[in-house]
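Same chain, two forms, each on its own as structure tokens: structure 1, then structure 2.
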Structure 1
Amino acid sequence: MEMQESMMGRGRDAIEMIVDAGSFAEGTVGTEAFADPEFGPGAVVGTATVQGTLCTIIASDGGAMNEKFPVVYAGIIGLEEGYKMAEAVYASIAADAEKPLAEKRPLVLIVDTPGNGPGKVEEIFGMNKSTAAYQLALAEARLKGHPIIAMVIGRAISGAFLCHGLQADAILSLDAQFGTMIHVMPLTSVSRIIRKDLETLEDLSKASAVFAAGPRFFHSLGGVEALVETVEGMRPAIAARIAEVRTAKAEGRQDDLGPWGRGKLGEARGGRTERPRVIALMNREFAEVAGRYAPAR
């Protein structure tokens, strides 16, 4: 595997690589204008075309710092950033509210974020609401028919990946040669916290993808739909996914997409086989007693 130049911290470059040349209008989504440059600078939102299709773009800016909330730097999602991203999603839904399914604009999430803002002010005011607000907005847009594609270019870490990425219909990732990081915690930290030596964990991770770090492990768990080999490959890969997702939605196959669809993919790829077993068991057990919980008439 020949290492390639990392895209880490380069969310803005990635936008230029992915969208049609000169098409990105930063700060505008539908009728919503994000005019204040000091509002949530760690999140970049706007509208562009990707192979001619009008899309909402949401990315993290690894170079930005939020003066008001100093925990925000290097692509961290803070209080303002989470809500700004949520607003970009709601603006996309509103802009296409009257349009038929086939014309709901896609959302492209460019993922390179190391975390959610940790801090006292953040906890006092409830950072958990900010990231949850964005996730709910994405889930709503997805269920209303907007195709959502996440493109992991650098870091997709734990709660920040939950927030920005894991609610997408489909997730693409630059492959491991770009140094792409997808994990909850690096194995060295896992080793310290769960008190297992690193060598044992490294050995075990060859057989089990559930705690190992990296895009290929997530791929085998169904957490990433496909790996992309080159930066030039990102735009066509995203455009092709948008088309596939649209078709699936038109055919009513929403359950093949998003988090639930990735659960099915995890089973098919052999990385998550316990999940379907316990779900089937619960369904059988509930079917036996359901009558007791229905109105008696």
Structure 2
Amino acid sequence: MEMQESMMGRGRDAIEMIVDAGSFAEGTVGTEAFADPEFGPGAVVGTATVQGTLCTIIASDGGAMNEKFPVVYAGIIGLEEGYKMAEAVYASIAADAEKPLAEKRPLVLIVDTPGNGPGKVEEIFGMNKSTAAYQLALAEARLKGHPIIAMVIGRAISGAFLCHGLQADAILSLDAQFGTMIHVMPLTSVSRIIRKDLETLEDLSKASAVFAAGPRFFHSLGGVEALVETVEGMRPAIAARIAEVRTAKAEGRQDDLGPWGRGKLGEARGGRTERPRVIALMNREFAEVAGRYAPAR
């Protein structure tokens, strides 16, 4: 596998690679204008076309720094960024509220983030509310019929990927030759939390998709629907996935998309063999006690 130039930290560059030439209007989604450049500078939102289809674009900017929050830099999604991204999603929903399912605009999430990395100030203000607001907005948009496609170009790590990516209908990723990373947290952090030595975890990461960081491991778990081999391939891959998602929604196959769909895909690929057994066990145990908490009328 020949290594390619990394796309880490190049969220703005990726926008121009993905959208139709000259179509990106930054800071405008529907009737909403994001006029304050100092609010959530690490989040780039706007409107563009992808092979002629009007889309909302949401990306993290690896070159921006939020001076009000010193830990928000290099693509980290901070408190303001989370709310700004959520606002762009709700602006998309509002703009298409009266449109039929087939005309709901897609949302394209360009993912390159090392995490949330909240500092003390963000924790006091409620960083969790910001990221939760963004997750909820995406979930609402997905269930209202907007196709949501996440395109991983660099890092997709921890809580930032949880809010900026994992609520999508479909997730695509540049392949491993671009140095893309998808994982919950670095092995050094895992080592401290579960009190396993780093050498043991490094050995596990060579064979276990749970501990490994590359996109191919996440692909085996169903977390990534497809790997993209070239930067030129991102635009057609996203356009094709938008069409597939629209068809699935029109046919009422919501469970083949999003988090549930990725679970089934992981099972089919042999990467999540225990998932159906665990779900069946939980359903069985819940059924045994449900009557105590919600008696039948």
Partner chain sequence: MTNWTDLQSCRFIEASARERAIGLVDEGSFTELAGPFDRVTSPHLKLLGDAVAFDDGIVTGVGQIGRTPVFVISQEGRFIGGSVGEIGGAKMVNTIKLAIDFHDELVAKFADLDEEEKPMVVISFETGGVRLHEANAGLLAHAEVMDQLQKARGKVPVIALIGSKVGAFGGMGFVAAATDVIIMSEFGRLGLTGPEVIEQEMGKEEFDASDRALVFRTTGGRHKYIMGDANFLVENSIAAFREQVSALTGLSIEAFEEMRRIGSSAKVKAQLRAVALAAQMQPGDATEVWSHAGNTDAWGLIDLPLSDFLARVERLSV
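For clarity, a rigid core is taken as the largest C-alpha set superposing within 1.5 Å between two forms. Residue numbering: sequential along structure 1, first residue numbered 1. Quick caveat: nothing in here was measured; it's all calculated off a predicted structure.
Taken from the form predicted together with its partner chain is structure 1; the remaining one is not.
For Gln177, the Cα coordinates differ by under 2 angstroms between the two structures after the core has been superposed.
A displacement of less than 2 angstroms separates the C-alpha positions of Ala21 between the two structures, with the rigid core held in common. Ser205 shows a C-alpha shift of 2 Å or greater between the two structures [criterion: core-superposed Cα displacement of 2 Å]. Comparison between the two structures places the CA of Glu288 7.1 angstrom away from its other position, after core fitting.
Core-based alignment between the two structures gives a C-alpha movement of 2.9 Å at Pro186.
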